[in-house]
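Single chain ahead, by itself, as structure tokens, in the form predicted alone.
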């Protein structure tokens, strides 16, 4: 059984304390700036936790055997999903009622869809059947309920398989995962439109759902890798060998490239076409000094570093290098998350300060604590999985 290391527990508690102080400081001093900071940090960490569900489901649907010896790691990361789901729902409900000065979504402004109002916006009024407060809350609730339901069910079936053996639980997990993949394909894209793209409500991108999924996959695989390396260093997961780490490294490398490809495709096609309602999204990020450097820096750090440092086979088996690159990938995508939310909510007044960084560190501590707490509930070694022996003898 896994026992939470005292240093790791103290670190997570310290980070959560920093986050709480940053949150209180932000809402007391400037709530208008704090809500966007809370949103983009929630988007970032919610993405990590829900991707862990996708990872587990993907292994079952594809009948993959390589990952069985480390499957307790993504299952534990799923333990953070209910908490970040609650925070996201709170943000959305607060936005619809403008609670605490939450004015993140411009299309929720009073009178903006009323032709008799001075704030009337004809374009947004045409989107009212979709962009309205009631439907917004309902959709968010559906996404989060579905994701948490499948996370809980897959976790229970995994533990039941360890205790009872046989193939009954395994095949139930396969069918459950198949249903999740169908629902997730739709709900993850819709969630990206609702929570992020609707901030810039006049703008749209037909590949934005894929863009967000690629980001969640990159940071999700990176987080799974870091927790796996941590557990190995603590003397756990003895069946995890260099080949397992190599495979995780390949996924981190691959989705860093996938994200860059989608980033470039979206940017190039929109910028080249120069259609006003599309290109305004990029002018807001390229013509404001607060964002211009971060815009290019976040792309480069998420692309150049993996290309240079993770290209070779040996690099993906070097734990020190993997940790170094993984930390910078998480920082790079955290900056990108900031850029997805802040320009559309704070215009030229956005900045990265104590509130933004503090909330990010606090959520990191929360993710670490919840993951370690979930890991300690059940044995780390999977049992009775049909492909367990294959996973133990993986060699690539």
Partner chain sequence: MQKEAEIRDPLILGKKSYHDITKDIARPVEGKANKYWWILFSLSFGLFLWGVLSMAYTVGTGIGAWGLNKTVNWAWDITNFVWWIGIGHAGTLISAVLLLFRQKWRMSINRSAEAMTIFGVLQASLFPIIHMGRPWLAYYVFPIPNQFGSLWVNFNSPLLWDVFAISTYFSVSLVFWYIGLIPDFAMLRDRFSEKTAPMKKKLYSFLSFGWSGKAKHWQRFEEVSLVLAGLATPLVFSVHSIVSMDFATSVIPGWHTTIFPPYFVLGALFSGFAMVETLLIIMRKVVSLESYITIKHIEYMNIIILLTGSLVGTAYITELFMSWYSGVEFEQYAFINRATGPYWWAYMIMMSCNVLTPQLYWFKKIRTSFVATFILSIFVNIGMWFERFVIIVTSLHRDFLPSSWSMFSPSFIDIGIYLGTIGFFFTLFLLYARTFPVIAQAELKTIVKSSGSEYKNKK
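Everything numeric in this text was worked out from a predicted model, so none of it was measured. Residue numbers count along the first chain shown, from 1.
There is also a form predicted together with the partner chain; it is not shown, and the following applies to it.
Of the candidates 328, 27, 66, 354, 66 is the one whose heavy atoms come within 4.5 Å of the partner chain in the model of the complex; the others do not. Exactly one listed residue, out of 236, 171, 297, 86, brings a non-hydrogen atom to within 4.5 Å of the partner chain in the model of the complex: 171. From the list 207-215, 90-98, 71-79, 141-149, the contact stretch for the partner chain in the model of the complex under a 4.5 Å heavy atom rule is 207-215. The closest heavy atom approach of residue 136 to the partner chain in the model of the complex falls outside 4.5 Å. Within 4.5 Å of any heavy atom of the partner chain in the model of the complex lies no heavy atom of residue 312.
Although the partner is absent here, residue 127 lies within 4.5 Å of the partner chain in the model of the complex, judged by heavy atoms.
The partner chain is not drawn, but in the model of the complex it has no heavy atom within 4.5 Å of residue 7. Residues of 95-114 are not found to place any heavy atom within 4.5 Å of the partner chain in the model of the complex.
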